[in-house]
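In the form predicted alone, a lone chain appears below as C-alpha cells.
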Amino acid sequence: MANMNRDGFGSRFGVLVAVAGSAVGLGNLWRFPYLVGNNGGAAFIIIYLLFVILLCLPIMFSEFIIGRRTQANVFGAINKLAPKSPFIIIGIISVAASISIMSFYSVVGGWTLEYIFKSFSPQFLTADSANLANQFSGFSSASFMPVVMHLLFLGLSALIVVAGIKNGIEKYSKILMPALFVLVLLLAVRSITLDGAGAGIRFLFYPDFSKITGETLLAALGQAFFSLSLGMGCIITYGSYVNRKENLFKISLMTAAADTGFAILAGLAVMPAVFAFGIPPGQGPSLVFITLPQIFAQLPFGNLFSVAFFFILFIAAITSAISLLEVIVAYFTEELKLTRKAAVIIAFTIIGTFGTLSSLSNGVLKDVTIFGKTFFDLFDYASSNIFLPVGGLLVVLFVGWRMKRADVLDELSSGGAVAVKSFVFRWVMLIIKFVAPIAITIVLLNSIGLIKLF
C-alpha cells in the first residue's frame, strides 16, 4: 500500500521532534501546571502518567498504525483499509477538527507574536496588574492588529508546511523543538532559584490525595488525551510519513515522555515564580498575558525574560499549528489532487477567514453568537468537546474491530523486525478494543453534559 513517491521524514530524530512538536502546545504552559496544583499535586501527576501509559499510548499506536500502514492522509487511509465503510467519517472529522482548532489557535498564536514585540519596549512591563489587564483586553479586542498577527502567525506556519515534510516540517522542527526545551529549562532554573520559590514547587509536586475526586480522574484523562494530539488526525498524518523500519513503540514512548517532561518543566518555569511574588495562580490568558509580565517587571533583565518566554510560547504554538495544517494540506493534495502550494493557499484562506471571525469575536463581533457562543468559543468548544473525542473513539473502534489483527501486529512489529511480546500485544488490543472506547465515551458524554458521573 506504500506510496514510494510521497515525501517523508528522513530520520528517527526528525519523526520524534515533529510528533513531539505536535503534542507540545500552549496548553502545556498554563493548563497542566494549574491542573496539577489544584488536583492533588504529585498525586495528579501519577494518575496522569498512568492514563498516558495504560490508555493513551495504545491510542497513539492505533493512529500510527493507520497512517504508516497506508502511507496516506487520514481520509485516504481509512478508504484504503475499509473502502466505502462508514468509518470514512474519521477522515472528515479529522480535517474538520484541524480547521476548527486552527481557527482559534492561530489567533492565540498571533497574541504570542504581539507580546514578543511588546517585550522589547521598556514601557510594556509593569507591576500594575490592572494596567497589564487593560493592555491585554485592549489589544485582544481591537479590530486590526490582532487580525494582522493572526494572519502573520498563520502565514509563518504555511511557509513551513509548503516546503514539505523533510525540507519543511522536519527541518524546522529539528531547530525549534531543541530551542524550545533549552529556553524552558533556562526559565525553570531561574524560577526555582527565586526567593520563595519553594511554595510553588510544593504547589506542583506535593501529593495531596484528599483532593483526588472523580472529577480529578476525568481531568487527568482529558489532559492526557488532548495533550498528546489524539483524535485530530495529526498522528495518523505524521505516521504516514514514517519509514517502515522505525519502531512505533519507541517513537510513541519517546513522544509521550517528551510531552509530559515539557509540561512538568513548564510548570517549574511558571509556578515557582508566581508564588515567589505572592501572586495567586491563575489559568488561561490571564496567567500568561497578565500575571507573568507582572512578574517579569520585578526581575532584573525583565524584558529579556519576557522576550524569551513569549518566544517559547510562539514556538510551542507554531510546532502544533504546522501539524494541524499538514492534516488539511495532505487531504487537499492527495484526495483533491491539488499541488502542495495550492493546497496551502486554500487552507490559509479558509483558516484565515474563520480565524479573523474568531479574533473579532473578542471585540466588534462579541455580540454575534451561534448556539450562545462567540466564534472563538464555538471553535474551541467544538474541537475539544466534540471533534477530538469522537475522532479518537472512532479510531480505536476502527483499529480494534475493523482492521485485521495480523495487520495491526505487522505494523507494531515493523514487519517482524521488532519483537513484540504476546502479552504486550494482548494488552494493546485489550485497551484498544474495550478500555479506550469506554473511557473516551465517558469523557465525551461528560464534556457535553449528557452525563454527570461525579
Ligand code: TRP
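Everything quoted here is computed from the prediction, not taken from an experiment. Just so we're on the same page, rigid core means the largest C-alpha set that superposes within 1.5 Å between forms. Residue numbers here begin at 1 and follow the sequence given.
Note that the form predicted together with tryptophan (TRP) isn't included here; everything after this is about it.
* To do: Mind telling me which stretch in 318-326, 335-343, 358-366, 264-272 gets its heavy atoms within 4.5 Å of tryptophan (TRP) in the predicted bound form?
  => Looking at the partner contacts, the answer comes out as 318-326.
* Among the candidate residues 234, 351, 107, 90, which is the single one with a non-hydrogen atom no more than 4.5 Å from tryptophan (TRP) in the predicted bound form? -> Comparing distances to tryptophan (TRP) in the predicted bound form, the residue within 4.5 Å is 234.
* **Heavy atom within 4.5 Å of tryptophan (TRP) in the predicted bound form - residue from 225, 153, 376, 296** => None of the other options qualify; the answer is 225.
* Exercise: residue 41 in contact with tryptophan (TRP) in the predicted bound form, heavy atom 4.5 Å -> No - in the predicted bound form, heavy atoms of residue 41 and tryptophan (TRP) never come within 4.5 Å of each other.
* residue 65: touches tryptophan (TRP) in the predicted bound form, heavy atom cutoff 4.5 angstroms -> No, residue 65 stays farther than 4.5 Å from tryptophan (TRP) in the predicted bound form.
* Is residue 70 close enough to tryptophan (TRP) in the predicted bound form to count, meaning some heavy atom within 4.5 Å? -> Close contact is absent here: in the predicted bound form, residue 70 is far from tryptophan (TRP), nothing within 4.5 Å, heavy atoms only.
* Decide whether residue 388 counts as a contact residue for tryptophan (TRP) in the predicted bound form under a heavy atom distance cut-off of 4.5 Å. => Yes - in the predicted bound form, heavy atoms of residue 388 and tryptophan (TRP) come within 4.5 Å of each other.
* Asked: With the core lined up, does the C-alpha of residue 222 move 2 Å or more between the shown form and the other one?
  -> Shift at residue 222: 2 Å or more after core fit.
* With the core lined up, does the C-alpha of residue 158 move 2 Å or more between the shown form and the other one? -> It does not, since the residue 158 C-alpha is displaced less than 2 Å between the shown form and the other one after the core fit.
* Asked: Does residue 263 move its CA by 2 angstroms or more between the shown form and the other one when the core is aligned?
  -> Yes, its C-alpha moves 2 Å or more.
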